[in-house]
Every structure is written in structure tokens, then in C-alpha cells.
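As a starting point, one isolated chain is supplied in C-alpha cells, in the form predicted alone.
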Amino acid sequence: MAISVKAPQINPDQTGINGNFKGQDILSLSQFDQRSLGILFQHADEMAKLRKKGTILDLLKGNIVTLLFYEPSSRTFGSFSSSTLRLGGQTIPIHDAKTSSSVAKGETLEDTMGVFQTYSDLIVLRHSETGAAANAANAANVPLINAGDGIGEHPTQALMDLYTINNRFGTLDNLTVVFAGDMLNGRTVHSVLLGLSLFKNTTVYLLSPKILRLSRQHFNLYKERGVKMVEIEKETDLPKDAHVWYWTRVQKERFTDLNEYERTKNSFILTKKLVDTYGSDQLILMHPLPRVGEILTEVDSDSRAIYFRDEIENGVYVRMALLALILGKL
């Protein structure tokens, strides 16, 4: 068996935000509707304006956020830390909970929540197991944000990506989006697709190796939610009118057979020639990062490549807004 885990089961929708963020857990994009996204995006715009003016913010003064990460992370961990500090709050940073906390001694997730809910006003959790965020939220009496749970979802990555796309095109309706790479294990893909399914006339192309195709359960879910889903097997099938190419890495950590990983990892590589041949002038190139060879560095200087610019910067503004809304400061 090449893949170490099965495609995740899709749980029923979590409690909807319905425009009211205060005290809410953020576990899935299924909690959001267009109104909730609009409120979040408006506040993210305000955060961006204030930051660019150099305004010092203290909305979270006196608040403590625990960053509890069971899996490695650079951007998500750093982004939440930066967002908290820029709002005047403080963090309890746990970079590798499996080895640097009592988890290494056998402490359960529920007991860990019982400890850190006492120390902090909000918990940001990344975990290797799908569904762990929901279990942790049930055990904690402070709000919890899912920063990625196995191959399940990564809702805040999707929020920043949707915000970035909306900023570029002024709408999330009538979009054609290409996702390439690992669709089976791509938690960011799962969450972004849930967000896109809230909008009209969305067409999605999925370019992936056969063993990493989107699960039929996910495929049918997004289709039932109104997304036109098209699976393609080669670069020559890429649509030339796409608004977004969302490239992802083949995830080595999800394979049990490393030989299978080596055969699969470079199935689809984004090159300057590919962009110039199939990409329009309106196209934007996105990636949740990290990349491990699936985008050549020659693409980085293309004006359409925004994975090192807009995506990372917007992640701070969106997470600043989200933290302030959940903690009742906006």
C-alpha cells in the first residue's frame, strides 16, 4: 500500500459561524457562508491598512494564545505567532508537542487540552490525525482553531487563499481553478474547495497522479455543492482561461512505500514554459508551501507567482482578524 492513510471521512457540517465569530471554534470551512467570509475579509482589509500605516495595535493585550503543534510547520506557526504579537497578545509556543511536552510521556489529547485551556484564552492546534481538532475542541473550554488535522482540513489556509483570490479578481464567482499535485491528502485543497463551493459558476480542474486522486467521497461532495469538477491526467489538458493554478507538493509523509513516493513526486512540475504556454495574463500561481521541487525557482520571478508574496502576507491579516473576532475584540 503506497499511501499510509485512507482518504478522510467527511463529517457533518460543524456549527455555522453565521457572522458571529465570538467564542467559536474554527474547525472546517463548512462552518462558513458568504456573509461570514465577507465579515472576515472586511476586517482583514482593515488590519492590512493599519499595518501598512505602522499603527501599533493592542486588541489582544492581556490575551494569551497557545500554539500547540504536533506536526512541523513554518508558515502556519509563524503566521499565527506574528498575528498574535502584532495585536499585542502573547503566545505559548509548543513547536513539537510529540517530543517537547507531556505527550511524550503518554498524555492524551484531552488531558493536554485540559492543561492549556487553563493557561490561555485560545488554542491553535495542528495534529497528524484527521478529526483530532474536533476531538480537542470538545475537550477544551476555550476556542480552538484547527491549523491542520492530518489529511482532513486546513481552514485558515483556505481563508487566506480565498481572501487572496478575492482581492485579485474582486469576486469569488465565475472562477476557473486548477489544483495540481496531491488531491487525496491535500488538506488545503479540501478546505479551499469547500470555500469555492459557496460561490456561483465555479469550475475546478484536478491534475494529479492516479494514486493521489481526490477521494470519490470528496469529489461527489463538491459536485453536489455545485462545483463543476473535471479530472485531467496531463498538462496538455490544462484550460487556458484559468484564473488560478493552485500547485501542491506530493506529501512524502503520507507514503509507506518510499519507492512509490520517488516514482510519484515529480509527476507534475510547474515550469516557466508551462505557465507561458497554458497560462493567461490574468492567471495567478498559488501554493500552500512548502514546495519540494514541484515548482521550479525560475517561476518565482513571474509576476503571476504570488506564493511568496500575497499569500504569506495576507495570511497574517486574515489570522489577525480571525483571532480578534473570536476573542470578541472586533
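Since we're looking at a predicted model, the values are computed, not measured. Residue numbers here begin at 1 and follow the sequence given.
If you look for the form predicted together with ligand CP, you will not find it shown, but the lines that follow are about it.
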Contacting member of Thr248, Ser83, Asn185, Gln157, with respect to ligand CP in the predicted complex [4.5 Å, heavy atom] | Gln157
Assert contact residue (ligand CP, in the predicted complex, non-hydrogen atom within 4.5 Å, options Ser73, Thr203, Ser197, Ser215) equals Ser73
Picking from 75-83, 108-116, 216-224, 165-173, which part of the chain touches ligand CP in the predicted complex when contact means heavy atoms within 4.5 Å?
-> 75-83
Leu289, heavy atom within 4.5 angstroms of ligand CP in the predicted complex | yes
4.5 angstroms heavy atom contact with ligand CP in the predicted complex for Arg126 = yes
